[in-house]
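Heads up, the chain below is alone and in the form predicted alone; it's given as structure tokens.
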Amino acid sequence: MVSVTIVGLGYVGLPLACLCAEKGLKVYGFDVDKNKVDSVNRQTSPIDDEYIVGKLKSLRNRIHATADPNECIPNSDVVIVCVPTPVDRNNSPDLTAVMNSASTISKFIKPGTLLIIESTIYPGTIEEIVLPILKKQKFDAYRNDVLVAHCPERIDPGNKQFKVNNLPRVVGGITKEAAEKAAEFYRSIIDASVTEVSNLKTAEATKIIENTFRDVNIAFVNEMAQSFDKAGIDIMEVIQVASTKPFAFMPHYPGAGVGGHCIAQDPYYMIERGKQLGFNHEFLKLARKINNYMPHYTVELLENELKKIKKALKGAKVGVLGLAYKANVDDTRESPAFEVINVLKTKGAEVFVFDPHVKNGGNVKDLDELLNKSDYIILVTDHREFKEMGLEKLKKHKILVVIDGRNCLDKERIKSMGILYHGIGRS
């Protein structure tokens, strides 16, 4: 039986661990967070994801989680690193978790093991950072002492159609043998294509270009939304009809900001790599600037609506709907909600926050309490619970202004109740 250790039991590692166990592999889950380890061993998911919750229960302890590397790394044929790679407060790549993982693994890994990095990294990271760490323990990846490969993760939390089992994957290796072994491994566990690329840097660059593509296009549509708003054009209708063109157009949607561990951060990895190489990514920087501005723009929309009724933001009671970065998950990483809240408080507003999927962070018990305490609301996350709430609640609780940061509410219905409405590029 093939044995595998998944390093990092988060949004990427835990679904992968479940899949490997489901395919009959002997699975260890390694994490430095003992709370996560205990949770997985109790068959309870440390994250709010219906897929993982169901899988953990059905697998019945077929994943052994541990915080002891000696218990898993030396006993594994395959070790896969799925740790986070965030940016710091200066938007510089923080590879600490990858370096710490590589250091730990290098002390316990056995010769001939397949070591796969799934974490998002910039091109050159494995050769410049991971391999020297292995070299300190006398492992030469170029001689296949350890078979080192990269397979960029593509998890999309909350996606009902594409899960870890049916997402096409891309692999590259330090050597041809490493790439082939990695491709063989993924083909044994997923029901989708696995593409081997010519070299490691190409694999590392794949995830960067995928998410930077999203960030740039979202920035474009966010800028168009602001322009169309001034022109009195509903951008959602424009996108809908533009989407009827069967080629050369892909719909992206404006919003209160871009969040998540990938789209909001991966461009910074390429910006930094370009800087190291003597190249200035002006386009990527501009996209980041536009998207980072959207929480501020969203609050400005509220201020503009308040002026219509001769009210000020200072002292206003504002309800913020949502803390997660996207709908129907509990993932708050890089969520624009935090900046919306920060801007509101900086401008003197009294802020009430509720998210039905995030256990901590809100300051009211439910949606009704938020509406009861608020005069105005800003929707930041398009959770099912918010989209399906009875809009008569707004009238009942005497809400005066609705800022729809995801353009997901029925604007005509809201307006018909005498409530001021403004979306992102939609009024």
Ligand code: SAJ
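If you're wondering where the values come from, they're calculated on a predicted model, not measured in any experiment. Numbering starts at 1 and runs along the sequence shown.
In what follows, reference is made to the form predicted in complex with the ligand, a form of this protein that is not presented.
Taking the partner from elsewhere, no residue among 23, 64 and 181 has a non-hydrogen atom within 4.5 angstroms of the ligand in the predicted complex. Taking the partner from the other structure, the ligand in the predicted complex has no heavy atom within 4.5 Å of any heavy atom of residue 93.
The ligand in the predicted complex is not approached by residue 163, whose heavy atoms all lie more than 4.5 angstroms from it. Using a 4.5 Å cutoff between non-hydrogen atoms, residue 267 does not count as a contact of the ligand in the predicted complex. Among residues of the shown chain, residue 411 is not one whose heavy atoms approach the ligand to within 4.5 Å in the predicted complex. Between the options 225, 79, 262, 121, the residue in contact with the ligand in the predicted complex by a heavy atom within 4.5 angstroms is 262. In terms of contact with the ligand in the predicted complex, the residue from 207, 281, 273, 357 that brings a heavy atom within 4.5 Å is 207. Partner proximity in the predicted complex, defined as non-hydrogen atoms within 4.5 angstroms of the ligand, places exactly one of 198 to 206, 155 to 163, 229 to 237, 141 to 149 at the interface: 155 to 163. The single residue of 388 to 425 lying near the ligand in the predicted complex is 406, the criterion being any heavy atom within 4.5 Å.
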